[in-house]
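Okay, so we've got a single protein chain in two different forms coming up as structure tokens, structure 1 first and structure 2 after it.
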Structure 1
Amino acid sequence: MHRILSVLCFWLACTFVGDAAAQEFSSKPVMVTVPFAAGGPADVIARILAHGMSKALDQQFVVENTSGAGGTIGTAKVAASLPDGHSLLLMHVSHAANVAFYPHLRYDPVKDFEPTGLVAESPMAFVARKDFPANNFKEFVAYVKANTEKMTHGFAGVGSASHLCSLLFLHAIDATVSGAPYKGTAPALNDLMGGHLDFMCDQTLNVLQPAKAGLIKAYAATTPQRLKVAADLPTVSESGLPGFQMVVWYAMYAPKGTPKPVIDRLSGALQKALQDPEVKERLAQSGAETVAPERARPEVLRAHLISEIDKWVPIIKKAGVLSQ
């Protein structure tokens, strides 16, 4: 009831003072919720953006981590927040996939949020234990298909980007392989380096350095073109699975009911931040690439989210994977 009255009062205020006042923020900080643990890629990206948007609006943006249940706890928190422009969510591709992973979500990823804009994309790569028999990606695919009952792939929890990438791969080659969920990428990668897992697919930020050090084998990147930072690493598409692509996309959302003038202002600040040379450089160093300004718009994100839900739901349902 308190939230309903607060929202009503906010809308009445907007009605009386007009659009100009609706675009004004109070002096309190804008809270950006990251529904994952501190230190991960989403957290790093959120903090870089918070800095850029603070400069763009001359308004303090503060990042808060609320992790758990594949990002759904922090996401639900933002969905229930007052829609006054002071609560934002920084979420990645799991926002679309969690519809299938979690049948009893406390929110609707489309209906309960106002899109602010796409933010960045991060490439991924297939890697395996250092003594994996295959010498290239074609041999890797053939070996996986011939030894499905003997293999285990690792991933950073149900619904994580690494989980989605493996599911997409197994769907593409029509194979079923036992999966081992971990509480984050780091422990999964440690077990891969220790030879306790056979393979995984994860963001290049996490796997390229151990691959260069010879601790694991890297087979292919999931991007349309070869990576600038690893030009000798072929793409999946050129290595036997034409059209295969998987990037981790990040986006920003506000609670449903946030007035359009406020969304427009936040989206404008986001677009300005993404064009800031410092932001672009810091995101590149983190392993992510900023999206073009025309893609960092609410309407583009809304259409993208819906298309990603349509893409992932049938793949996840076919795999028969649900949260515990």
Structure 2
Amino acid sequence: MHRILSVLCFWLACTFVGDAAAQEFSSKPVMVTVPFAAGGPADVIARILAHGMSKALDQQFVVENTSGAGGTIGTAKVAASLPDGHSLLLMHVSHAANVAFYPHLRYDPVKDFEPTGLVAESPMAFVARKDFPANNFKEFVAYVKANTEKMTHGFAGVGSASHLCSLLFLHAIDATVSGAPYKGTAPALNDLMGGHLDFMCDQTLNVLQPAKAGLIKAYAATTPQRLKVAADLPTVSESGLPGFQMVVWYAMYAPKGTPKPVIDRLSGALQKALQDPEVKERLAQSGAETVAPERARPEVLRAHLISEIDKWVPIIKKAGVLSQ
């Protein structure tokens, strides 16, 4: 009981708990688990946010990567963590999609977490190795279709955003291509730049800079409109696959049982961080956008997550992509 009170009082800045207890918690960092490899889009977003939330709460935030199995390993770790306000998960659309990809998940994405808030939306783009023999998205599609047996696409494990995007694309063009799973798109991008993979659908956060530097080719963005930061990059929709869209939404969660006042305080810090010009600017540079602070609330995220599970499960089942 004293421990629970101490946790609550640290987070709420109560004055009636002894100094020793307050000191114990104030010196303990908040761990933000990223369920994908270091250096990739989720990791970058987590580090930018952790910095912003750390400023907002005057508290140390530490980012830790626990990658593998499309983000489900790190997610399961947070679900099993102590619900004391010192464990957070930064996860994206795959928190919803993995329900379809993994029928025997070790956690329930809704019941085993306390939603803290939506964070950002991150667009994707189709990219290929720099010597890929196609000069635009139409040629890219034609070449993939004509050479399926020779192609390998890279992705961040079954159920990841890059997996989902490539599978929906291959379903749309009626092609089957073998895929190479990685623990995140950072290592996959390295192999694409090295010419060991043919293509990927990855977040612009990861691929815009190497594309600008000529290390890979970028063909089209998965957004409804062209990106402000890459206006010369066409959309998939305008390039022959009308209606093809995929935006990766990110959110933050705590383990089930984290006290509501603690969640409210963390959510408040998240909302503050999302209004920090430095945070907004660093995400905007790569095409990502922070959500409006009123969307970074627990109840908004809960409703969004449920609606995304309802949306993705039938799409994934219809595309028949569960076993690919």
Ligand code: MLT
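Throughout, rigid core stands for the largest set of C-alpha atoms superposing within 1.5 Å between the two forms. Not measured: the values here are computed from a predicted model. Sequence positions of structure 1, starting at 1, serve as the residue numbers.
Of the two copies shown, the first one, structure 1, is the form predicted on its own. The rigid-core alignment places the CA of residue 239 2 Å or more apart between structures 1 and 2.
Residue displacement note: residue 73 has its CA displaced by under 2 Å between structures 1 and 2 (rigid core superposed). Superimposing on the larger rigid part's C-alpha atoms between structures 1 and 2 leaves the smaller part rotated by 23 degrees. The two forms line up on their rigid core, and residue 163 then has its Cα shifted by 2.9 Å between structures 1 and 2.
Superposing the rigid core and comparing between structures 1 and 2 gives a CA shift of 8.5 Å at residue 174.
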